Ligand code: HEM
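Here's a solo chain for you in structure tokens, the form predicted alone.
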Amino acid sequence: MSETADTIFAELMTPAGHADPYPIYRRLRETAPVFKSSIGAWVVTGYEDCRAVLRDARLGKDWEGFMAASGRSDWRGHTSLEYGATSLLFANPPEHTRLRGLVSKAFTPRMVEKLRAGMRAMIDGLLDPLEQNGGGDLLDALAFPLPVTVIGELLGIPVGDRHEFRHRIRVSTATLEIGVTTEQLAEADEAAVWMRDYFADLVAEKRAHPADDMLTAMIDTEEAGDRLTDEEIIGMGLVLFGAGFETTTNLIGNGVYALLDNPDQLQILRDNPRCLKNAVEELLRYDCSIQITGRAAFEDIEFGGQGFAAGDSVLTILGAANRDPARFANPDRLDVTRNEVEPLSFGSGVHFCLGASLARAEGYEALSALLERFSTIELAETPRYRDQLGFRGLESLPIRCRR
């Protein structure tokens, strides 16, 4: 019996599919690049189709639709899910335009460059224990503390509080997975209440004692008499802090693992460090942190030979788009010399990731420092990916290294 797109799609929801979704993506593209799944959502896997969906103003965010497609029509009353309904991540114009415009005034190139200036010294300090011990878990040593320190400095979160967020942010990302369990939801709700209360207290502190940081800037920023409310600042703080380290941690972890798994590409970077900037884009393409994002049709649309009805949910599989052979030659091969990569890993259109330039800078500086510091970097054991699909990252990355 020939397999259908829906039976292939179901494989993505298994532990094996989470561990290595890319062969499944390939079969999906070959079988039906655009199809309606049994969960009620359309699934899009090709590069050009995904980019078109993300850029089309006739499609946008729909939290209720996403919750329904994820089997969580009971989302009201769950703190971890209620934030999605008002978050910048799930807002549409004109509200999205308003929120992003106000936040962008605080997320200035000056602030980003200020952070980058001290980033290398920060990384060198984080690498010292790895050198002294001859290795260790790269996630714990570098991939987590670097972005959490950078985004913590940007937002103005006290140093001693930052580690408290790692587990809470991680369990919260489970609510964006298809098929979140009741147990996961309860854990995410508990984490969301703690984080909301924390940011409420911190915003009150910043109002009383302003500082040179992004939370203070969001409190002060104004556009044509419009300001962010405290609830909006709290929600924005949660989004920016969570997105600011979770996805960048995975960018560094997935990227270094890809290089260690492809030593010929690692050697190219050692021989020609000028390829490093391009390599970051290729690593973003090859194994991206965010594999899936969603949209909803605002009206009836003819798309990819199919008809999207108003209200239909649409899942764009970014991980599949980044491996589309119609866009990338030999897409399953890591090639750090690949030109004009332009992955969809940060999305596209009005929801393009606000922190993309900062994430790229962190990835570049982390890889550059590792290659300069260590003449040998190798896997101490084969790492495992976390058992989820939407947010792709490793449980740990044990390495051996030598100066």
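Nothing here was measured: the structure is a model prediction, and the numbers come from that model. Throughout, we count residues from 1 along the sequence that is shown.
Absent from the display: the form predicted together with this ligand. The rest refers to it.
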Partner contact for V256 in the predicted bound form: this ligand, 4.5 angstroms, heavy atom: no
4.5 Å heavy atom contact, L202 and this ligand in the predicted bound form: no
Close approach of S289 to this ligand in the predicted bound form, 4.5 Å, heavy atom: yes
Non-hydrogen atom contact M67 with this ligand in the predicted bound form at 4.5 angstroms: no
Per-stretch contact check against this ligand in the predicted bound form, the hit in 347 to 355, 369 to 377, 44 to 52, 26 to 34 (non-hydrogen atom, 4.5 angstroms): 347 to 355
Contact residue in the predicted bound form, from A174, L130, V148, L240 (heavy atom within 4.5 Å of this ligand): L240
Partner-contacting position among M122, L276, L89, I219 - heavy atom within 4.5 Å of this ligand in the predicted bound form: L89
Residues within 4.5 Å of this ligand in the predicted bound form, restricted to 306 to 322 and counted by heavy atom: L318
